[in-house]
Structures are given as C-alpha cells and as structure tokens.
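Coming up is one lone chain in structure tokens, specifically the form predicted on its own.
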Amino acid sequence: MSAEQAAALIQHGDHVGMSGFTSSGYPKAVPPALARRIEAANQHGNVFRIGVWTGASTAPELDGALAKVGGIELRLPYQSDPTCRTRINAGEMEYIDIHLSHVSQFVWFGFLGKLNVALVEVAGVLEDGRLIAASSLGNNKTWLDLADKVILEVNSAHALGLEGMHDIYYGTALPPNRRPIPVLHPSTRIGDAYLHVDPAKVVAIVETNIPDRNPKFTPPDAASERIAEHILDFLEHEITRGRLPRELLPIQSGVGNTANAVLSGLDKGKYKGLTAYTEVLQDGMLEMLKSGTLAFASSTALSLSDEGMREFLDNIDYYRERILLRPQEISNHPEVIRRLGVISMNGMIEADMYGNVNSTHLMGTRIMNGIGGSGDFARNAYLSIFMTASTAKNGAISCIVPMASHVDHTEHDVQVVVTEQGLADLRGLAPRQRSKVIIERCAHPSYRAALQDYEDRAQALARSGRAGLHTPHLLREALSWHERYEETGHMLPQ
C-alpha cells in the first residue's frame, strides 16, 4: 500500500518502534506521511502524538518531520535532531535518555509499556517471509517480535549484497532463564542472517527506493589530530609495558572527527590484524578494513559518507567477509564487551578535575544528544578513554571544569581523559592525584591557573576542618563557571 495508507494505521497515543541507527536503515516514506496526517489533525484542533522508540538517532525525514509538527509525545533512547532538541529543552517533548544496551530488555521486561506498532525498513523479503535487514539493525528484532502490528518499508535502494552480513541472535531470554552470550571474538557468528516476523502481524508493506541520508565526512581539525596523537602514543606505551598485545584489543569508537582521526592514525601506523567491536562503523574503519589494518569489524550500523558508501557498495563482496551487523542488544552487551576486553574511545562535553564526565547536557540542563552507547562500553571496557577539545565557543567555555554540571560517567568508569593539550592516565590514582594530572595535562592554559586556584582553596578549606579532604570542593563555587557563562557569555571573569 502507499505510505499514506500505512500511516493511517498508526493512531494517537501509539508507541511506535522504528528502525534506524544514526542515519542508516530508518523508514523514509511512512514518517513524513504520518507527519502530514498529524499536521492535518492539528489544523482541525485534534491532538495527535505518538511515542517514538528507535535504535538511536535517525534523520530529518523521521525525527525532524515528526518533531516539526509536534507529533512526538515521548522520544527514546537517543536523538541528534535539532528540532527534537529544541522541543525537548522547551518542555514540549518528553525524552528518556537510555543506555543503548538497555532498550531492548526494558521493552521485553514491560518497563516502557505496550509496543503498538513496529515500523521497520528492510532491504528485501524472501519467498518464505524471512527479511533481509538493511544498513542497520538497532532494535529491529525486538520491535518485530513484540509489536502488535508491523509495517515494513522494503527499500530497493539498499544493495541486496547486504544479505549475509547480519548476525541476529534469537537466544536471548528473560531472567532467570538467561544464558551466556557466546561471542568469543568480534567475528563470532551466534545467530541468523535474517530477521523473522509473524506474517499475521504484518499489516502493511510500503515499497520505497530512497537511499540513506549519509553523513558528510569532515576532515579532522588540528585539535582532533593532536588528541589522536596523544591516544596513539598512549597505546604504544601500553604495548611497550606489556599491557596490550601488538594487535591491540577490539576497538570501539564513537562517531565524529576525533574518532576518525584516531582511526586514521592507527591506519597509518604499523598495526595489522586489528579488530573492532563497536556500535557504528564509520569511514575510518572502512579505510582500515580496505588497507588490512583492520581484519574484522562487528557493529550494529553503517554510518558512511557518500564516498564511503560508494566504496562499500563497489566492494560489497569483500566487506561482507569482514563486517558483521548485530542487534544493538548484542553489539553493546556489557558481558561481551568485558569478555573481549574492548578499548573504548568516546567523546564528551566536559570533564571535571576528578574525572567525572558529562556526555549529554550543555550547562547542566540542556540536552545535546544523549548517552548513546558510551556508558555500555565505558563501564565494561578494558580501557575507557574520553576525549574532547579543551575549550569550546572560541575559548569562552572550558571543557575541564571544577565540577561537571551533569554526570553521565562517574570517575569510577573513566580511566583516561584526553584533550589536545595532553592525556591524563587516571588508573590507580586517588581523587586529589587525578585532579593534579587532569589540570596539568588536559586543561587549556588560559584556564589552568583558575582551576589550580580552585583546587588550592578547596584543599585549604578541607585542611581547616570545614570540608572533607578526599574530594575537596568549594560548594558555593563548584558550578559558578557555568553560571558565569550563562550570565556573561564567558566562564572566566572579564
């Protein structure tokens, strides 16, 4: 049927599980048609809002279109759309920011309520009803299993060469009947190459031919290059000390320029036979697979530029032997991450001088995107690395602060903090030792003296007996940098 006919099957108040992880594998025809239907309802004075559950962020045709017409009551577990962000921060849309590994099990547990509709994009349908998954898996298996009704968008723009690149595990269970997830290497296959759905639940099939909205690749800037150099030097140091093998351990890398800069540095180095166990496969990893630096990559989604996608499609048979796409409940599974000993590298908004990390909120209150999978990896990784430029907004904001204005990753889950200024290895350090190395090695020079002054006065207050000396703070000043920025546009006194 048409996208408009399919959209008519979604009702006000429905919880809709949609495919999509980053800008890949999201439904492209029904969400815009649904947005038009919602807009028409609004014009007649009728309220029409739904809950949107996905794998992660999607694209303007989904998040943007529905948010623009006020059609989203609740969004989870991750978003990066500017219209969504504006509505969330204005209180016009509810948003639950969830660890990506938790989403599927929360739905199975019944914690989030009934899943009314699954809206899932696939690359093809076989004669026996099996589904060829598209360029991302995310939570699609769970949506298809648990939704009352299923709408499929069959998108012929996806290469049928994707067939065989997926590994969909159907062995998960609810407590107390769970068994170990038997992934012993990033290349371990434990599941089926196809998605399954009860044909009786499929209420609509919409045929499309619309490519994914591929992200633009921006070359790394100078700060990203410097951060990459610090991380590469650190990894070499760990190899020399015998704490890492020459082929490293499986790599997890968040999205963005800095992550691509690190991957590019690894590709230019003397590494061979590396592996990746990650949630998003970007251009940098594709280049490493092409060169042989990376032998195998496990992910839940492709997130490639137009150039990267052309390379992938032109050599899809080569990459099919070197890439597995898994549901995000497996790609981000804490048990597997810990067993494999993943090296986790993720971006952040800010870190405080004790190593607590804020990945999600600007000035403590405004959501940026979400925690995504960074928490899944950071807490369970062999090495947990967080990185950012030392300043933002042309130096008006320090990304190293006395106290983080919001905490997503506590000091207990953060082993290494890196900026273009340097790298702070926090392993084995107590709080006051951590503050010393973070200020010395990661803070921008224009903020270093102010941070040192804060630390000195906080310790002096503690030594006077008026505060504790384990993690000294000046509580009246701890968030004053953020308050000053909100009032004056700069964290430092003018």
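So that there is no doubt, residue numbering starts at 1 and follows the sequence shown. Nothing here was measured: the structure is a model prediction, and the numbers come from that model.
The protein also exists as the form predicted together with another copy of the chain; that form is not presented, and the subsequent description refers to it.
Q: Any chance all of L184, P334 and G375 sit within 4.5 Å of another copy of the chain in the predicted bound form, going by non-hydrogen atoms?
A: Result yes, every residue of the spot touches another copy of the chain.
Q: Specify the contacting stretch among 133-141, 252-260, 361-369, 196-204, defined as having any heavy atom within 4.5 Å of another copy of the chain in the predicted bound form.
A: This holds for exactly one stretch, 361-369.
Q: Have a look at A460, A450, A467, A41 for me and say which one sits with a heavy atom within 4.5 Å of another copy of the chain in the predicted bound form.
A: Contact residue from the list: A467.
Q: Select from the listed residues E163, E229, E287, E94 the one whose heavy atoms reach within 4.5 Å of another copy of the chain in the predicted bound form.
A: Spelling it out, the residue with a heavy atom inside the cut-off is E94.
Q: For G70, is any heavy atom within 4.5 Å of another copy of the chain in the predicted bound form, or not?
A: Answer no; every heavy atom of G70 is more than 4.5 Å from another copy of the chain in the predicted bound form.
Q: Counting only non-hydrogen atoms and a 4.5 angstroms cut-off, does T410 reach another copy of the chain in the predicted bound form?
A: Contact with another copy of the chain, yes.
Q: May I ask you to state whether S405 is within 4.5 Å of another copy of the chain in the predicted bound form, using heavy atom distances?
A: Residue-level check for S405: yes, a contact with another copy of the chain.
Q: Find out whether any non-hydrogen atom of R310 is located within 4.5 angstroms of another copy of the chain in the predicted bound form, and reply yes or no.
A: Judged by the heavy-atom cut-off of 4.5 Å, R310 is well away from another copy of the chain in the predicted bound form.
Q: From first to last in sequence, which residues of 328-355 have any non-hydrogen atom within 4.5 angstroms of another copy of the chain in the predicted bound form?
A: H333, P334, E335, R338, R339, L340, G341 sit within 4.5 Å of the partner.
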